[in-house]
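Read the single chain below, which is given as structure tokens and is the form predicted alone.
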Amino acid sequence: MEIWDLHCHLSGLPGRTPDERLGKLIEYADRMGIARLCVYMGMEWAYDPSPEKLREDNDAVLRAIGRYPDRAFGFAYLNPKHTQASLDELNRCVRDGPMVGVKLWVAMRCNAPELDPLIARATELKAVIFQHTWLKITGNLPGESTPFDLVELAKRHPNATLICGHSGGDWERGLRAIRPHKNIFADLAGGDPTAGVTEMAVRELGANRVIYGSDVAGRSFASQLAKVYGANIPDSSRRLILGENLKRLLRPILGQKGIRV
């Protein structure tokens, strides 16, 4: 089974430069048999990045994936508070560059209308859109999205390919929230490798809407792979989750860029 990891970061890794850090990440990935990595958000995270910080973070990822084009894909980090700057980054990194997706984090809740031009442009470019989501019993950050917010966005953009980061954290609620919306896929990354999460995702969504990710370096490859390897699901479902689903979602934009997988 070829494994593609949806959810990787350069932060928290040894190395002075982006390509040194990605090289170390690939070294770890090789131990676990992971073929491809999706990387975003630069060397150090910014909760509410300025246009200058967005460009700096995306430049870091461009440098890293440029060193390892056969092992890693980049997603453009955007901030909906800076609409034009984010559109400019989308065009620079995806339309005119090698990136294949969009990463949205906690600067603004994703049900806000400010996201609409970004989602529309990303959809035109066939870019996959990854949105961090969480349901916290202690209360979310002011701009932190929930799966319910993502559902609102999905209804406005039925042709967009949206990924629900962390399956909402509280995955039992998150998976049920996104279940009716066929253009939303579940990311298994982050959190402890709790028994039952992958089985429920397959039961509620179907195996073709569930995607493996790790959230390294915040989490280990091994602990997150355990969610899939340890799940009581058929090997056919495991194959979809570990790589085939992500390949299918990325194939249109990879084809546009002349990348065959």
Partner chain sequence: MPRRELIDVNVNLSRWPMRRVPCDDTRELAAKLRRQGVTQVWAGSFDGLLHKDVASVNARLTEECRKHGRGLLLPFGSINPMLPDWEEELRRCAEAHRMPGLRLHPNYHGYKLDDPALGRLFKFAAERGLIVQLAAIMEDERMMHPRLRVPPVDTRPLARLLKETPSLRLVLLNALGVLRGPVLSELLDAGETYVEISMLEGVAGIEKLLQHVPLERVLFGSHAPLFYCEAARLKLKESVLTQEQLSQIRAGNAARLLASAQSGA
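What you are looking at is a predicted structure, and each value in this text was computed from that prediction instead of being measured. Residue numbers count along the first chain shown, from 1.
There is another form of this protein, the form predicted together with the partner chain, and it is not shown here; the text below is about that form.
Taking the partner from elsewhere, Ser236 is found to have every heavy atom lying beyond 4.5 Å of the partner chain in the predicted complex.
Within 4.5 Å of some heavy atom of the partner chain in the predicted complex lies at least one heavy atom of Tyr229. At a distance threshold of 4.5 angstroms between non-hydrogen atoms, Gln224 is in contact with the partner chain in the predicted complex. Within 4.5 Å of any heavy atom of the partner chain in the predicted complex lies no heavy atom of Asn58.
Contact with the partner chain in the predicted complex, defined as a heavy atom within 4.5 Å, is made by none of Gly23, Lys182 and Ile259. None of 117-125, 186-194, 146-154, 74-82 except one has non-hydrogen atoms within 4.5 angstroms of the partner chain in the predicted complex; the exception is 186-194. Interface residue among Ala217, Met41, Leu62, Ala207, judged by heavy atoms within 4.5 Å of the partner chain in the predicted complex: Ala217. Although the partner chain is not shown here, in the predicted complex the stretch 18-53 places heavy atoms of Leu25, Tyr28, Arg31, Met32 within 4.5 Å of it, in sequence order.
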